[in-house]
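The form predicted alone is given below as one chain in structure tokens.
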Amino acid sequence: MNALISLRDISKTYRNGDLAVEVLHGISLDIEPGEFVAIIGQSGSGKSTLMNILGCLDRPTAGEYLLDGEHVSGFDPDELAGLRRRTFGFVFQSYNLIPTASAQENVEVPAVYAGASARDRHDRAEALLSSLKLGDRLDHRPNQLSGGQQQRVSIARALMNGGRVILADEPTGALDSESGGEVMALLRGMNEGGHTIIVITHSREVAEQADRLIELHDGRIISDRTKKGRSNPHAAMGLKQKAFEGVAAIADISEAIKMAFRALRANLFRTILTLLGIVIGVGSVVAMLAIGTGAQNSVLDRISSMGSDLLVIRPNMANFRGGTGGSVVTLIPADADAIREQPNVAFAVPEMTSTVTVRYGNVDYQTTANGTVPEYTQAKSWSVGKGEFINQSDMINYAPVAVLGQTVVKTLFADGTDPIGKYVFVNKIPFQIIGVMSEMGAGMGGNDQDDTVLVPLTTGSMRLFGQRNVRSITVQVKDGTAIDVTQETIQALLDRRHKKQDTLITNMASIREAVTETSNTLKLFLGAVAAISLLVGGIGVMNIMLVSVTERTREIGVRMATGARQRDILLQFIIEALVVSAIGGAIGVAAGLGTGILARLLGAPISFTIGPVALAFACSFLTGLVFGYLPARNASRLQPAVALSSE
């Protein structure tokens, strides 16, 4: 019969810089299926190193290792993980149970990495624990179990995937004599069921309970004695076909997420501190961009309310301050008439203003009178709320009519009287109210646009203002794409009419572009400040993951011993980082939205869009991926034997 395990001239040398220490010296031995073998030796004899090599937890420096006739010495880490998953079960002196997992969850670990379904895992783990008299301890964590019970959980875990070969390292070392006897009886029963049992011990009493005793001294076999043959060789041959093997991968992402939550819950305070960095970063991104977008939209809306295809013409006051001569009487209504005749001009609206006192009944109110033309409502995108607006007949006939803004109406007609048809005195001159404008609100400078009285330009010039010059002319172009050409044409026209350049034309489209560009720059700056917070949060994620890897090195070793491949460990720790970042991102989004809503209640212009929210959350997720990769990579590259020996 072929040997199950065959070692030929196995040696193992550990190096520490230039210092080389050879622990095993040319070990050769064969172990057949179904044997019960004890390897005995004092501390430093090399028995633990030999066990690590037998269990594919470590590689020999030289020599050949054959498992079922297959050379495994040259296998890569994932192939060795597959061997451990399919063939070996480990029972450790210190149990090596995952402290945050229940007894049932600990037993299920090997099947998780074998790709078994959740139902199959649960059923088999429950059956194994019940057979070991732990059916009432399924939900207990290791710290709720006695030493003997923990060792039985460890044995159940070793059997989860079939465990053709059970490697027990000092299985009774941490137990009292009664519990130790129970564990050895369990191992004997497993051997009779066909399992190959290899016990590593320094106790002669324990070793004598095996059928074959191999003694090591200074890394060499000094005796190999068989007391009796195998208990059940036929069962051992059949056991090979009973391995609990799935698709050799983590069964589903939900299992990895479950492990992540369990690990994060174990260090809750540290997890909260790490979440805080992500929450602040994401919340800052959401809130700052909402505030920045809201402020931008508010300004742009005000510009748009005046029309983005407008040209506003005013006297160039810099010329008059410079003392170059001339009069402030620069723009006159005839200029507006001339401008209307130019190509691409829809209309030209001249305006003149003055502060006036308006009286109705016994109420006096000081406001601004604005002399204008019928196209005013189009130029200002301002509709009439009630009544009608000034028409061309009013202009021609110098009609004493007025249209009031909402603020003036509320002041003069506070009792709710309908103002249409009523007369008011404007600077002691009676004007009939023919309309009321809709509410406009504050302008770009914060001034109340509803605090005005609108009268025909001709009437205002003759009866109220006592002047012929206009304050401004607003020009609406037909084709916005040609607004720059139209601006140059109008400027040239006015320069010819006035014999000098004494006017200044403001292009509202250019103002809109400038405001947009400035706002975008401001949002970029705010986003950069928030991104720094997110970066700090990411560093916190990396820190907690590095600490987690250090603290859980032994757990990583246990997972590798039970069949986890490098990518399984990598995936688990990356998912833990992603879980932290996702939770922090979700809380941060909620905090950012809450901050924005609070700012809106306080009167700030706020604009929420899905883009910044999605971007902030995606950045938090990406932060977890980027900053979690290095710790996860370090964890996945640990050597199983080294990880298991860590303190």
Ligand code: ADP
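Sequential numbering from 1, following the sequence displayed. This is a predicted model, so every value here is computed, not measured.
Heads up, the form predicted in complex with adenosine-5'-diphosphate isn't pictured, but that's what we're talking about next.
Picking from 45-53, 593-601, 28-36, 578-586 the stretch near adenosine-5'-diphosphate in the predicted complex, with a 4.5 Å limit on heavy atoms, gives 45-53. adenosine-5'-diphosphate is not drawn, but in the predicted complex it has a heavy atom within 4.5 Å of V23.
For the partner-free chain shown, Y14, N16, V23 of 4-25 come within 4.5 angstroms of adenosine-5'-diphosphate in the predicted complex, judged by any non-hydrogen atom.
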